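Only one chain is included here, represented as structure tokens and corresponding to the form predicted on its own.
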Amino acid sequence: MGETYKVPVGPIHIALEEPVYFKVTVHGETVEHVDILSGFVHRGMEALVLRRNFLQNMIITERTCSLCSNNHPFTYIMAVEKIAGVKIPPRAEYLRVIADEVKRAASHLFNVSMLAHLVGFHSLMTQTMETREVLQDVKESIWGNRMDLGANTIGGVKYDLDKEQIRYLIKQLNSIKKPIRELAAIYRDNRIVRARTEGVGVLSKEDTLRLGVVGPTARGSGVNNDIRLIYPYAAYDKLDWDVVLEDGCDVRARALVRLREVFQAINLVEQCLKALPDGPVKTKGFPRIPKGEGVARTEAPRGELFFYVKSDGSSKPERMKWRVPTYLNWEALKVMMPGNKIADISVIFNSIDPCISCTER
């Protein structure tokens, strides 16, 4: 029958990418209950941004997290642009989508590679990371950095694409289509991967809606909550695409959503490159930020990211607050983990694509 006892996981643990502490109650090898404790990497960023001006905060918000670093300044900038009444040039709208989708594809590939690592399929992890490396090279070649792109600015974007860069980007994206198809088939069909992911960490559609889960975690349970579609921004309403949904409600379904969204990201970038309008990439000068309030939402790789900015008319924000996807998603772990084995804890945790740096900023 086994006995009931508690297993501490974290805050520093080989299966965790960042510090977080799980107090797990198990019966034998089966998880019965989970408590989550956080606060180990708090950096006080929401206080820090009040001491910097609106331009400096583009850099600070980008350092919130590495894997979804583009979305934090992107969302912040859109909130500031709403306060200032700024409308960015059409070319900048498409360029914002290009940067965002390249970043999304790289983030998703990193998450599924960690899944391969956690189930002990290390050759699959290596192949996935090698494919992702092509996108890392793209980021470094076009934006000058492998993680923090610095692509956006208030009033548009900081970069433009010439014909040579467009040819390079298309060539690199074409080069990874076949490898990603092959990888997706392994994640979908391989018996080892399926044995460790199918029926593991189940989160029903009803629980997904009840807990307000966002991003690929929700879409793996059949919930259509993609902000790019329901609250479009940049050029997303001018592109042809459909929300990726799976109904497996488990770790496998969430991984498949991310892999399918990698293909979708490539397609969106290609559409943007074909439809890229001529013209400037930024409004002239720096706009005055008047007294007022602004909010903005984007679909970060992990789900909905929400920014609130309040200005008193000075060069610095009076108040800033942002809500990140992991904050909403990790409450669902208390539903996903019970009934599974101890060995599945890290696999389930990875399936929400957790970002402690975002959550404890």
Partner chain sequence: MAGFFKIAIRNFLNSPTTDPYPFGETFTPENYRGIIDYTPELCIGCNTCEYVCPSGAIRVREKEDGSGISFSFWLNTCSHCGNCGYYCPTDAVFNSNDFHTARHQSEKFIPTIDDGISYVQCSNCKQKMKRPVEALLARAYEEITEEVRHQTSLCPECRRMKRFERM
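Just so you know, these numbers come straight off a predicted model, no measurement behind them. Positions refer to the first chain, counted from 1.
One more form of this protein exists, namely the form predicted in complex with the partner chain; it is left out here, but the text below deals with it.
Peer 1: Consider R167 of the chain shown here, and say whether it contacts the partner chain in the model of the complex, taking contact as heavy atoms within 4.5 Å.
Peer 2: No, R167 is distant from the partner.
Peer 1: Just checking whether K82 would be counted as a contact of the partner chain in the model of the complex - the rule being heavy atoms within 4.5 angstroms.
Peer 2: Judged by the heavy-atom cut-off of 4.5 Å, K82 is well away from the partner chain in the model of the complex.
Peer 1: Verify the contact flag for L124: yes if a non-hydrogen atom of it lies within 4.5 Å of a non-hydrogen atom of the partner chain in the model of the complex, no if not.
Peer 2: Within the cut-off, so yes.
Peer 1: Does L37 make contact with the partner chain in the model of the complex, using a 4.5 Å heavy atom cut-off?
Peer 2: No.
Peer 1: Decide if the three candidate residues D237, R252 and A332 all line the partner chain in the model of the complex, where lining means a heavy atom within 4.5 Å.
Peer 2: Answer is no for this spot.
Peer 1: Using heavy atoms only and a 4.5 Å cut-off, determine which of L245, A275, M129, I192 is in contact with the partner chain in the model of the complex.
Peer 2: By the 4.5 Å heavy-atom cutoff, the listed residue in contact is I192.
Peer 1: Pick from G212, G222, G199, G144: which has a non-hydrogen atom within 4.5 Å of the partner chain in the model of the complex?
Peer 2: Residue within 4.5 Å of the partner: G144.
Peer 1: So which stretch, 68-76, 88-96, 178-186, 199-207, is the one near the partner chain in the model of the complex (non-hydrogen atoms, 4.5 Å)?
Peer 2: Comparing against the partner chain in the model of the complex, the contact stretch is 178-186.
Peer 1: Are there residues in 54-84 with a heavy atom within 4.5 Å of the partner chain in the model of the complex, and which are they, in order?
Peer 2: Residues within 4.5 Å: L55, Q56, M58, I59, I60, R63.
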